[in-house]
Each structure stands twice: as structure tokens, then as C-alpha cells.
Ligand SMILES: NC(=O)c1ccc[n+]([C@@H]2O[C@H](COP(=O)([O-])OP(=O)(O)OC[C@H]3O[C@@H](n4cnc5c(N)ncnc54)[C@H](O)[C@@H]3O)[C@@H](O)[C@H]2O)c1
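The chain below stands alone and is given in C-alpha cells; this is the form predicted alone.
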């Protein structure tokens, strides 16, 4: 198996389902050796990728726990000999109730920040020594176009994704001398299996997205694959600190 990521090793957090699972399959098809990490069971996706000829492992990892991140990274490096790519995809989103910020409790706010922001910080912190040993690499932080539009009723989520964009810029500055690129991918509302299953919650948001987009159709996981592979590959070797918005033209400035 060969492709744009041939002989690369990629870690994808939150990879058991949804967009993370789509990235994992796509990276494998492009020749990468893949670790799917998640608090959820990864066995189904690991089996699917293996049956498609991929070299993949699934590992449990709680991104809010730095020691869990270090343990996961150590196991990946032992299995594959190193790491080249990190996709910080793990996040709380689908299961969050939609409500005014006045009704968001402190515990819920803190939980979202712990997973969506500190999780990316922890995984980056754990993996950078491995990227340095490889002479460089790529970190892809998954943000959201909601941070550029100011979508209401999930203030904690939107705020967390704005923080990811800021983290991306600052981390790119810190890691440039190590030839480690740090970029952000910002999807629009994407009809993953989990989002589609929660149609009662997401239908109004999907309708609003369709009205705002230059490309008048629903966004699906495969719409993000090309951008994710580009950011992971040598094709973006002189690109860092950037946020790449993929949302059908809903955000245009």
C-alpha cells in the first residue's frame, strides 16, 4: 500500500467513530501506519481498516490525563518505531445539550475545556519528543468554523474551538525550529453518523448551514479527507500556524 503518507505513522485521537474514524481510514489508504486512540472501543474500526489491508492499532487514551497520553505515545512508538503525525480530533460535541450560556454549568464548561482544549495540549506535549526524534512532523488540530461564525447555544464548544486556533498559531511558533508543522482544520457542520442520528438536535443548524454555504449541500466526512491528508503530507511542508476552513463556503473571510 502506498500513497501520500507512505511510511508515515499517524496518531488520531477520538478515532473510534465519526470524523476521527474517517481520517483513520483515509490515512491508512494513503499508506500511513495508524493508531486510533479513544476512550471508546476502537476494535470495530481497527478490524475494518485491517480488513482493507491497513497496518493499524487501537489504544485506549483519556486525553484529559497526561499520563494516559504518554502511555499511548510510548506504545505507538514501540509498535511502529516512531511517530510523524498527530491529529488532535478528540472532542465533546454531539452529546452536548444546546442551551443558552446562562444555563451552562461550571462543571459542564470545565469538562468541555478539559477534553477539547487541554486534551490537544496533553497529546501534543506527549508526542512532540517523538516528532523531534523523527526530525519533524505534522500536528493537525481539529477546530471548527463555529469559532469564526459565533454560533449560539454551545458557548463552551465554540470557545474551545477558538482556543484551538490560538493554540495552533502559538505552538507553530514554538515548534518551527524542530521542523514540526502545526495547523488547524476547521470543518463546518458535518453529517457524521452521530450527527445524522441526532437529527432532532442538528436539523436547525444543518438548515442554517445550507442557507449560508456557497456550495448548497450537506457536508459529509469525505469532504474533509483531502484537506486532512494535505496537512499531514509533505504537500504542506512550508505551511504552519494556519487554519484551513472546509465548510462549503459558509465562512468566506
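Residue numbers count along the first chain shown, from 1. Worth saying up front: this structure is predicted, and the values here are computed from it rather than measured.
The form predicted in complex with this ligand exists for this protein as well; it is not shown, and the discussion that follows is about that form.
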query	finding
Contact of residue 215 with this ligand in the model of the complex (heavy atom, 4.5 Å)	no
Any non-hydrogen atom of residue 231 within 4.5 angstroms of this ligand in the model of the complex	no
Contact test in the model of the complex: residue 9 vs this ligand, heavy atoms, 4.5 Å	no
Partner proximity in the model of the complex: residue 18 to this ligand, non-hydrogen atom cutoff 4.5 Å	yes
Partner-facing stretch of 148 to 156, 165 to 173, 93 to 101, 76 to 84, counted where any non-hydrogen atom is within 4.5 angstroms of this ligand in the model of the complex	93 to 101
Those residues of 127 to 164 which, in the model of the complex, come within 4.5 Å of this ligand by heavy atom	142, 143, 144, 157, 161
